[in-house]
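Single chain ahead, written as structure tokens, the form predicted on its own.
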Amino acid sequence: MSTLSVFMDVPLAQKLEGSLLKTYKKDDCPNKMFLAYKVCMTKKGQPWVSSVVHKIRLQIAEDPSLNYEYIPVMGMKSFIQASLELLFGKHSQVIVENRGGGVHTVGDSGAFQLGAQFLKTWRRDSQVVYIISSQKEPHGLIFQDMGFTVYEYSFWDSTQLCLDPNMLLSVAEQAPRGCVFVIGNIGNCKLTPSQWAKFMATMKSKQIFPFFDIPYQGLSTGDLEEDTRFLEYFVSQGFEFFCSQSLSKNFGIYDEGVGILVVVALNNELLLCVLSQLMNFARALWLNPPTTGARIITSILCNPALQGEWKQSLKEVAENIMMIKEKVKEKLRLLGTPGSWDHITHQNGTHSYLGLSSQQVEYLVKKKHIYVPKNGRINFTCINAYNIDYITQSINEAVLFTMDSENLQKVNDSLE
């Protein structure tokens, strides 16, 4: 007698792997290129890992004192403290006044999962979330699954080819009182002092709760303090906030998924209450966070010599990124590619917009086998000495081809 399965009505889910990467892998062209990897790449086209990480990983593997016992739900205290000091600086008000803390999470997605669960439970009067970044973020799905109403906005102005700080101000002005602002890459937006003052005043008057995303501190400008300087604005103005601090990309340990949900409260008493609730949620979600990545990072951050070596490796990566961007811009100029390409070097970080139209992106993918996201935001560390000429020549072709197509269409329209 056959038994009906309880899973009979469960359909096969669509693969999580992006369609662009799937198409790239199926492409038989020997010269194909993928410019949308999430990880930072080396000049040889391999995932970048800070050199100091290799040494520490070996030391940890050979350490006979480690018993690999379960750690507290909150995570390793030394790791959390070192991460907070990295984020704010040792002498920040948050550290000195002991009103900042954190919970070790499973990557940045774990931090958003934990933060969203807390806000769902303890801010029931406002279930509206605005996600504001330079790109479409996956965090929206986490908040949507928990029943929040989610609105998404991008800093990137595809018409002016720049990150527009006025967009942030206009969203704040139209947002409802008590909502949540999930903000990524705000440091790249370059607000003026008057814009900062206006933004802060609006956030305060509407009691908007900030939830920051710090995915790769140090890889944006090469300066760890500069990349998070904007947090001091909020600290000095007495804001309470959450912050997702991911530490996988800037150490090059992508497979470890090391993250922290950082909490800043008005005082230590409030902080302890929030952390106690977060630990209850963490206990239900994963019970104990993974430790290998946290041990590697703690060993580096707590040793001045190793930390100095790590900082130097970050600086070298950031300088190389800017050099690549300068070379791309210069090669496009020498090719006589129409338009200004200054926007490429005006953007910080591994991922930046090329400023191409959807038709130009389609040309690169279909005609030149260069796989670029539809929005034209690529990982510039994927460009190196071996492929830069082909990439820039292909961009030039794409621009010229679309211009010819547009001119032809204009002629045809005038004849009708």
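All figures in this text were calculated on a predicted structure; none of them were measured in a lab. Throughout, we count residues from 1 along the sequence that is shown.
Just so you know, the form predicted together with a further copy of the same chain exists too; it's not on screen, but the next bit is about it.
With a further copy of the same chain left out of view, the stretch that reaches within 4.5 Å of it through heavy atoms in the model of the complex is, among 365-373, 60-68, 344-352, 381-389, 60-68. Proximity to a further copy of the same chain in the model of the complex, taken as a non-hydrogen atom within 4.5 angstroms, holds for one residue of N303, Q81, T292, Q312, which is T292. For the options N188, Q307, S109, S92, the residue carrying a heavy atom within 4.5 angstroms of a further copy of the same chain in the model of the complex is S109. Although the partner is absent here, Q14 lies within 4.5 Å of a further copy of the same chain in the model of the complex, judged by heavy atoms. Proximity of Y153 to a further copy of the same chain in the model of the complex falls outside the 4.5 Å heavy atom cutoff. For the chain shown alone, K32 is not a contact residue for a further copy of the same chain in the model of the complex, no non-hydrogen atom being within 4.5 angstroms.
At least one heavy atom of K249 is located within 4.5 Å of a further copy of the same chain in the model of the complex. For the partner-free chain shown, nothing in 148-169 comes within 4.5 angstroms of a further copy of the same chain in the model of the complex, judged by any non-hydrogen atom.
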